[in-house]
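Take a look at this single chain in structure tokens; it is the form predicted on its own.
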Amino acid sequence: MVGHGEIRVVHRGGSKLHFRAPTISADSCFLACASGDCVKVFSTSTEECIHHLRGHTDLVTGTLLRPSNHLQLYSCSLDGTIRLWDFTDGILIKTFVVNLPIYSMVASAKHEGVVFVVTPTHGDKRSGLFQLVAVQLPPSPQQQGEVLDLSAVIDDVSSNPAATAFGREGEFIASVKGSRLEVYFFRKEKSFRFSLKENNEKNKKNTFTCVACHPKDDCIVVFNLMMTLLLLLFILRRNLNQKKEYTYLTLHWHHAAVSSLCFTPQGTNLLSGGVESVLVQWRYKQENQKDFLPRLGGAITHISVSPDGVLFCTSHSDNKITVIKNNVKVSAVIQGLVKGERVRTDLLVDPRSKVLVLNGRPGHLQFYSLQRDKLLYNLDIVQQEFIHEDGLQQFEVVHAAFNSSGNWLATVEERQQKSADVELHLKLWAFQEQTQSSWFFWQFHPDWAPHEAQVTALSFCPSADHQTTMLVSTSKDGHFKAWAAGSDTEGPSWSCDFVGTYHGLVPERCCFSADGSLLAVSFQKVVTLWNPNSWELVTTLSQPPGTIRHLCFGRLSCSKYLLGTTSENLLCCWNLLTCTLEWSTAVETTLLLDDPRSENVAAFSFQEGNTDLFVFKPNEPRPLFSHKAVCSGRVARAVFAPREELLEACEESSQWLNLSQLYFLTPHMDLMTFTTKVEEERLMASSKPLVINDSVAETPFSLLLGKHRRQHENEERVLSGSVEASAPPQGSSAVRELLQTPAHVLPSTSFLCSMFVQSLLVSVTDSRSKNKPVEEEMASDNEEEDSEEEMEPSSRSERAPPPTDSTAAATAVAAPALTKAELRELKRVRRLDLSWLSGVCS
């Protein structure tokens, strides 16, 4: 058995974008939000993810702009650190170690160098008690430093970030918890509490849910669960410290709990939102005037406003962030993996686009890109408006399946009424090859149901010629039906080709062999094999006691085997050639699936509260790979996704990942996968941030003006006195960095044009001015040389015979040209007085 030393379980996608309120940049061009253990930076105009700020080792619990520098961003995490980022370039500037888990964070420009964090009281997470602590960030030049200056501000607070807010430009901070509102004034370092009765007249909980403070005025806004139609507006008076007096105003609109409140930067408007999925904009001191933006999707969980007040952002429970202009119109939608309460369909991979398909919004299927970690689009299956009302039974997509080419998608939607039979629809969706962008569905007559009871399984026949398309569905009505595709004058059509039963038993599962020659249908404790061409019952397979839960055929060299799991915690393997039980083992298997590109089969087993993974081949007695406790709880959905590029792994432990990658959903709806150590290191190397000096973020602007100038100065020093002009550095690294940088990161073209042109020009005047004294020196040397030559006796020329043409040519070829520095040195030597040598020699 091979262990998991070289293979790791990593979080691949689907992190919550709505876990905390997003942070908008000062120019409203970027949006940063916590997503798992990293921070994602999006463009508010293109909706694309620009950077993944990685560095935290635990869940990120908050982000906010640095008050003294709006180009930098703070992030806090449960790992006990606060990190400072240059979010426009994705560079980590500094790490502050607090050594306490941080659940939320707020800051104010009035308190420079201080952030206020919510941490567990005495550092104990299990106590459930939290305190608001002021953290003095040390101005150290080092990239990592430990925070030593901590002081408690409010002892008992809520860990919810919506329960704490600054007021009146940082003069006080308000916090709500339960039925208590506490306000702390920094100038006098005193706090005052306002409490409500625990229960109202209708015996309902009297609890505050969120708070917001006016940025300019003495005003606190809270929402109280006791008055589900009211917003309480507290207007603090200046004599609050003496008489504790206040006036209040109630506002009506919301019929359920409000999750978030937020003022605009100038305090002219108040924004509120909750489960109604409607953004309400109240006019401050003109509360009768309201603006509404309805049908935003899931329930609103957080509201944010940009520092310039141009953009609003709402986070939603369906893992979505909506970017809204200040005229209350939607400008962009950033959608993550939609996480519902459960996934009724299996995890599917679209054969055409290789994207993940599963349940999304109510009544929809979402197409999610695994490579880009982005939702591509939602396919509306139910075609009905979803009504947000508790207890209302609505249609749900419960089954989905693709054919082998990806041209057809089958879906089953059902609605279970309390006092009526189940209502279900079977739809066949054809992909439009002409447009390459839309699906057209074909549905049976609404008055005719494909089955009389709930559908239990769907499976397409993997036809090799792709000419005939067949779908098999099983139902609790005791029948399985085969549906064949045809065509008529109006286009493609489907009809029932065969109806099968077996001794009145209920079919639970069905699957086709890899070549489509056999169909396996499980009827409770019996597995039946059918010939799809003639619909003859080929044979039945006996097995140990228990109802069949899963079925799958072996592939390639293991195509003669059929695997299944039972309710009695048995994993069985039948040999189809001998029609006997090949082997069986006692293991509680919650999920069984085969890799469509290899012989490998994955089995997830639940033991002692955790899920284990076993990867094996049906013809080998030992597993290829095993991993204990891949996650806590039961894994109910998983899929093998084919790789775009084959993984060339030589280790035996990771060869099963060469062709496909295994993804699975945890009980908390997190999408996980298995990756090798080499693959993870390659990914980290590709996303490794730039190395910077002096903790200063290096931007394309500095690359253009700084690095290029330094390079130009170095060239001038090397050439020193050369007047020869060099070619413009068109292939320099600065130009390449500029051209490869996204346009939305660069300054305006008019601002860059003059500096960019100047950087490409060669300074000729400087070189001429430097060479001028050298030329003058050379001229004076020449004059001295001529005078010396005139004073020498003519016998020198007599002693030296005139060179011939051949010797002169040889000398010209052999003697290299002297540089100007060498010429000057030679002339200096010639001017030396060497007459004393004659006396020594005599």
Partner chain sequence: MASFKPTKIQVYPKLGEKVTQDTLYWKDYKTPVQIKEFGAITNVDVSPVSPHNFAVTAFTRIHIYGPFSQEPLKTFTKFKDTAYCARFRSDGQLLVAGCEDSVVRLFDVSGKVALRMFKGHTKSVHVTDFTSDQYRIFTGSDDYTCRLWDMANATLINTYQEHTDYVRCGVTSKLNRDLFFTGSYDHTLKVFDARVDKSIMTMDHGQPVESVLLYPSEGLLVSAGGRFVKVWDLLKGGQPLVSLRNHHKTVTCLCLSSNGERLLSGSLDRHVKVYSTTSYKVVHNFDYDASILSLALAPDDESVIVGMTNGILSIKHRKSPEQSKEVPGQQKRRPSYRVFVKGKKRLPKQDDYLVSKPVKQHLAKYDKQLKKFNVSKALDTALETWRRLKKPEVTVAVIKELERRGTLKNALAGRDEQGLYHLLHFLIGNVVDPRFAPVLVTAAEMILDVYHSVIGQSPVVDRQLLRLQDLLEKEIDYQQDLLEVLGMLDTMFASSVPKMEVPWFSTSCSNGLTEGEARPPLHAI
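Here the structure is a predicted model, which is why all the values come from computation and not from measurement. Residue numbers count along the first chain shown, from 1.
Missing here is the form predicted in complex with the partner chain; even so, the following discussion is about that form.
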Heavy atoms, 4.5 Å, the partner chain in the model of the complex: which of 637-645, 664-672, 102-110, 575-583 makes the cut? Say which one. 575-583
Interface check vs the partner chain in the model of the complex: of Ile93, Leu249, Leu537, Ala484, the one with a heavy atom inside 4.5 Å is Leu537
Could you work out which of Thr264, Ser567, Ser159, Gln383 is the residue within 4.5 angstroms of the partner chain in the model of the complex, going by heavy atoms? Gln383
All three of Asp155, Gly178 and Ala256 touching the partner chain in the model of the complex at 4.5 Å, heavy atom to heavy atom? no
With heavy atoms only and a cut-off of 4.5 Å, decide whether Leu293 touches the partner chain in the model of the complex. yes
Do Gln394 and the partner chain share at least one heavy atom pair within 4.5 Å in the model of the complex? yes
Do Arg187 and the partner chain share at least one heavy atom pair within 4.5 Å in the model of the complex? no
Does Pro621 reach the partner chain in the model of the complex, with heavy atoms at most 4.5 Å apart? no
Taking only heavy atoms into account, state which residues of 401-417 are within 4.5 Å of the partner chain in the model of the complex, ordered by sequence. Arg415, Gln417
